[in-house]
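Okay, so here's just one chain, in structure tokens, the form predicted alone.
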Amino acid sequence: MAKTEYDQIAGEYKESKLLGFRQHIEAHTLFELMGNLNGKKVLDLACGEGIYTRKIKRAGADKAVGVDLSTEMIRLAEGEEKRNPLGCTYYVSDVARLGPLDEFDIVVGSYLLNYSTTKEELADFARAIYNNLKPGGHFIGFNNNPADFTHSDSRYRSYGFTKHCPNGHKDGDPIVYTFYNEDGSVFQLENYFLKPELHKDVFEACGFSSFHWKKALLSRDGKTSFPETYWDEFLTYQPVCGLVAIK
């Protein structure tokens, strides 16, 4: 998705972070995989309007830096920093062209890798991540699940989105997400499919010692705040998932 397109939907995208699955599965999975953040230096790639950058800082990180392609997303992030200063720093940049900013303990990429349309583009992301991690540092991601091979799926509509793969599941094929926010706004994002094993191969070729896909996790509040079977479809078919790579 182009920078200008994200500029146009920045407000709607920010609103979508209030959806239940964003809070109780997406955010919960990311922070479970990150673990204890006290005193850590963390880089948040594709940070959007900074919601996770702020959460990372509040969770005890010594340094929290956010990077996003969209000028409008970073404008929103910096506006929130001015209103409620936490010490977060933000940069506008294409992650694929990002140079070293520091040696971070953790690099986070929520919905970053699924913007790669080719092996080469994925490698650009992997190198940028690698070059910003200290030895032994972790990359923690959240991503479209490349093992979910449904072509068109409205089963997730009750969670606030649908997922459509018009061309199938060949490398580079688009995956269209349509979001239905609680305020009534609707917007679309286009991700891209690359085979699960291709991700592992690319990261290991860039120097990472390991790369593993992780199942999405449901928070305790998510279990208790919704009907007993509410999350069954989501957790059974896993449209999204986590990942961990170690330098």
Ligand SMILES: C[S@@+](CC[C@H](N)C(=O)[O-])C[C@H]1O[C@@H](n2cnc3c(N)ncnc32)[C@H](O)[C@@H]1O
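When you see a residue number, it is the position in the sequence shown, counting from 1. If you're wondering where the values come from, they're calculated on a predicted model, not measured in any experiment.
Although it is not shown, the form predicted together with this ligand is what the next lines describe.
| query | For the chain seen here without its partner, which of 194-202, 46-54, 32-40, 212-220 has a heavy atom within 4.5 Å of this ligand in the model of the complex? | reply | Looking at the other structure, the answer is 46-54.
| Taking heavy atoms and a 4.5 Å cut-off, does Ser93 contact this ligand in the model of the complex? | Ser93: contacts this ligand in the model of the complex.
| request: Consider Ala128 of the chain shown here, and say whether it contacts this ligand in the model of the complex, taking contact as heavy atoms within 4.5 Å. | output: Because no heavy atom of Ala128 falls inside 4.5 Å of this ligand in the model of the complex, the answer is no.
| message | Taking any heavy atom pair closer than or equal to 4.5 Å as contact, tell me whether Asn144 reaches this ligand in the model of the complex. | response | Asn144: no, not in contact with this ligand in the model of the complex.
| request: Please check if Asn132 has a heavy atom lying within 4.5 Å of any heavy atom of this ligand in the model of the complex. | output: Judged by the heavy-atom cut-off of 4.5 Å, Asn132 is well away from this ligand in the model of the complex.
| query | Any chance Tyr13, Glu26 and Asp68 all have a heavy atom within 4.5 Å of this ligand in the model of the complex? | reply | The answer is yes: all three residues contact the partner (heavy atom, 4.5 Å cut-off).
| query | Heavy atom within 4.5 Å of this ligand in the model of the complex: which residues of 224-238 qualify? | reply | Not one residue comes within 4.5 Å of the partner.
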